[in-house]
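One chain follows as structure tokens, the form predicted alone.
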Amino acid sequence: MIEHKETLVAPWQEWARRSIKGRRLLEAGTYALTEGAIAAGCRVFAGYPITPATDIAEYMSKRLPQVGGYYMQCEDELAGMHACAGASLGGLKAMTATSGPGYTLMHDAYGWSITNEIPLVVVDAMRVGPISGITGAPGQGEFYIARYASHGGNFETIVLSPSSVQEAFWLTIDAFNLAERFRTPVTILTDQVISDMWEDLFIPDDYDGLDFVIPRKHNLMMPFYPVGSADLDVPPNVIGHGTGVCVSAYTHTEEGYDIEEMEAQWAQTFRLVNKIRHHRAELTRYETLGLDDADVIAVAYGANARTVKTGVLQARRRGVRAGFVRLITLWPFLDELFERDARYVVCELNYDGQLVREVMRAAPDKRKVHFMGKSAELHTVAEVVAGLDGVARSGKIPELPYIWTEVR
């Protein structure tokens, strides 16, 4: 058997290799997300408390005044998102955090931020649904909601997902960098396990010395909205400096004014979609294991990927030629990871099947894509091994308690 090969494609690989002075802590994912935001230059947090994201608000209420920033508890999640957008337009990096019920409430403001190219970061600590579900149990039900994060269509989104406390820290810095470069909201789609769990965490002593953090720059020249182009690294808009730009939810001119002309609609949509589609290479983040000889490949993301990866390693020790794909970038979807003509076992924390549908779309033969849906708790290593072994031997996942295998 070929020795399994592991690959991690993410910018923090290079960051972590640097000789950065720092300290190691035992801390929660919510703490790592907060410190990552502070390290990235976030100076405004506005939001509304909700389990399991409340600790982020509490940490922010303490940390932001210490670094000259501002904390605001709003009357609801929509107000928090609008406040963050306003703070970003005022020249400050901003973040909000919520869980699924609050995330859906933000989507009007999310659309404002997308169409006006306002950079900010949104953390969604997913819990099991539908609606409020179980507040203390993990879920992965916002996979598609994070992609279609507002009404009206004609846009793309950037969504990232960590699978450890340490990765949550680095990935938050990464999210702020991408928000600046792409001039758009970026969602960190974490979950209750990653948010609440405590793990070893390294953080640098001096955040000001992190040269990989992209600073906020201001676009004080027209056009404020480079419609019809897909350029990156255009400084985001800032208002209140005599520039006179408007911020509108409607199709707009390059100066931001409302207009109802097809030419403007085409040009605006071209930019909002293609600044992401044309620069997919800048957004590629993933982890793989054992793909060189794999007959069956397990697919997962977030906290669930931890037990799935262990299940793959155990299955290989039992003679199953198993591989593993962990998505870190969820959107835009990394179709290229599923070009191999193999069988896939998609393990996700919902019963309706969301990630599995994208794998079916991207894989050469959707009949070879199998679903292991679970809700409210992670897949066990034994379940993953049984699923991989069953698919490898008979092309079928065996019947397991609380596991759904049907996708309609």
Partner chain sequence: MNKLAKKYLRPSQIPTKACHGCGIGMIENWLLQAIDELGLKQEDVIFGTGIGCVGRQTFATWGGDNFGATHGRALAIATGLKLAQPDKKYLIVVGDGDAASIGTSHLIHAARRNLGVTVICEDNMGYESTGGQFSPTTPAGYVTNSSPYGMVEPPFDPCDVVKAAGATFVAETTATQWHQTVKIVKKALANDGFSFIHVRFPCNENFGAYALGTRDTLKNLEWIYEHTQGRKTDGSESDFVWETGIKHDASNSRPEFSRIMRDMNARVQADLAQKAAKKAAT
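All of these numbers come straight from a predicted model, not from anything done at the bench. Numbering follows the first chain given and starts at 1.
In what follows, reference is made to the form predicted together with the partner chain, a form of this protein that is not presented.
Contact annotation: the partner chain lies within 4.5 Å of heavy atoms from the stretch 87 to 95 in the predicted complex, the single such stretch among 121 to 129, 266 to 274, 87 to 95, 285 to 293.
This chain is drawn without the partner chain; in the predicted complex, the residue among 240, 319, 215, 209 with a heavy atom within 4.5 Å of it is 240. Site annotation in the predicted complex: the residue of 229, 248, 104, 164 reaching within 4.5 Å of the partner chain with a heavy atom is 248.
The closest non-hydrogen atom of residue 136 lies beyond 4.5 Å of the partner chain in the predicted complex. Proximity of residue 382 to the partner chain in the predicted complex: non-hydrogen atoms within 4.5 Å are absent; the residue sits far from the partner.
In the predicted complex, residue 351 stays away from the partner chain, with no heavy atom inside 4.5 Å. Remark: residue 82 counts among the residues lining the partner chain in the predicted complex, judged by a heavy atom distance of 4.5 Å or less. Scanning 39 to 70 for heavy atoms within 4.5 Å of the partner chain in the predicted complex gives 65, 66, 67, 68, 69, 70 in sequence order.
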